[in-house]
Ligand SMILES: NC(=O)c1ccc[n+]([C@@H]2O[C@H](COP(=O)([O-])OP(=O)(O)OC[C@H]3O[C@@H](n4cnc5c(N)ncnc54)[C@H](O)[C@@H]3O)[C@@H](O)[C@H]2O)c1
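For reference, the chain that follows is the form predicted alone, supplied as structure tokens.
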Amino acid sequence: MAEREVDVAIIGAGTAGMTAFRAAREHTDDVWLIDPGPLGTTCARVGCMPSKLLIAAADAAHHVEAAAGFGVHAGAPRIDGPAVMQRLRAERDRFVGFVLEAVQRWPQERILRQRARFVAPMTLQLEGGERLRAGRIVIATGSSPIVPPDWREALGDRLLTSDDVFEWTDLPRSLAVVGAGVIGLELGQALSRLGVKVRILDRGGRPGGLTDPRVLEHARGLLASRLPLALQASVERVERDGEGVRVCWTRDGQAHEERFDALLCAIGRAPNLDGLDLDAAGLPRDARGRLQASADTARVGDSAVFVAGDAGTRRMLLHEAADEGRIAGDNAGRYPDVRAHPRGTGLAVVFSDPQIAIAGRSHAELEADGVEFACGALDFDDQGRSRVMRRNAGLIRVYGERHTGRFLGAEMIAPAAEHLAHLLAWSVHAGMTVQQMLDAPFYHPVIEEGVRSALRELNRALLMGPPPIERCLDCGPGA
């Protein structure tokens, strides 16, 4: 059996693997990218980009329906399902094409379009028969939707994941969505606004991953008023019903049963580690079989193996995957000169309406670490710019460190949360104090003035600022 020695082998050609490939090649040309294909990223193919295309169509329909609130009457929108999906797939393919163009510019002889598994520490068996003895290995195999095996057996092709949705040529009439995380909320609300009969069922009570009790309470009520959402609902049974599915669940001791065209399983994603034969790799793993890598170095224990992206245990987000790929590739390329890299500030957004976001450190993280912090808040009900646009719904809570006044983070369900969260994450990243943030310019009238009101309340809670002026004029009416 042929065996080849290489400097760096990277398993996986998604966001993390592609970034690791580029970073490792800064130190050595002997870098090999292993992936059976199709090449490209989860984000472009079945993740953030096609989901946002569906949301954009849903927003267009919603704006037509909401126009009457401004005295503009356009009539009920007519949803052309095939046209919605045709645009989605065309634009999705365009985004994927950009990724593939980048890959095509790389040395093609260094891309092995095969599967690989460990047969010994630092030794990979390719499905074509060849073995690679690597000096360093980066595992960047991504993740896949979690699906209960009994559901797959019971429902067959009526059980869907987010990987399936974007291949539709038309919209279904009805859909059960199990899970109220990022995927479930985004797709469930978008499809509902596009005329699909949707029911979102979630076993827990933390929509969108929020952890702040007050923001959570606000979000539960707000989302339930806008979505067919059942939180703390336990799915007891799913079964095939002709060309559809029947879902039975309980909530508050009450049994419910409903029929849908299909069921979308959105209960989470798991690292793609099956098939790697990690037992042969001799790597340390946790009780659930997951690889444990340092956040600062991406290194697994004291080995020459590095983990990046969804294959690890950190947040499954594109910018996190790119960051980890850069760290893993750099350290694999320069090994044994392994270096710690500062990690980026936390930032997560759910593109529901209103949007949900966590910037910097979450409420739960601060409490778990025993940080002494204070909170400030703003309810967007009376926020001036938000009322002008009839988007005045949501709550933001901001956190500051006692004794130093340093800004720590925020959680929110709010209009334009994707933009507010960026500003706040940048402030955390820059190490700003709450007072420094308040000293920055705020235009009028903008939604960001609501952030300033929350920061003023926070500064007072830290005993570092005056009592906020109720309905202050410089914030605009009702701010």
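All of these numbers come straight from a predicted model, not from anything done at the bench. Start at 1 and count along the sequence shown; that's the residue number.
The form predicted together with this ligand exists for this protein as well; it is not shown, and the discussion that follows is about that form.
Every residue of the trio Lys52, Ile267 and Leu317 has some heavy atom no more than 4.5 Å from this ligand in the predicted bound form.
With a 4.5 Å cutoff on heavy atoms, Gly181 counts as touching this ligand in the predicted bound form. Although the partner is absent here, Gly71 lies well away from this ligand in the predicted bound form, with no heavy atom inside 4.5 Å. Using a 4.5 Å cutoff between non-hydrogen atoms, Val349 counts as a contact of this ligand in the predicted bound form.
The shortest heavy atom separation between Asp212 and this ligand in the predicted bound form exceeds 4.5 Å. The stretch in contact with this ligand in the predicted bound form, judged by heavy atoms within 4.5 Å, is 194 to 202, chosen from 219 to 227, 194 to 202, 376 to 384, 77 to 85. Taking Trp151, Phe260, Tyr335, Trp249 one by one, only a single residue has any non-hydrogen atom within 4.5 Å of this ligand in the predicted bound form, and it is Trp151. With contact defined as any non-hydrogen atom lying within 4.5 angstroms of this ligand in the predicted bound form, the stretch 394 to 425 contains no contacting residue.
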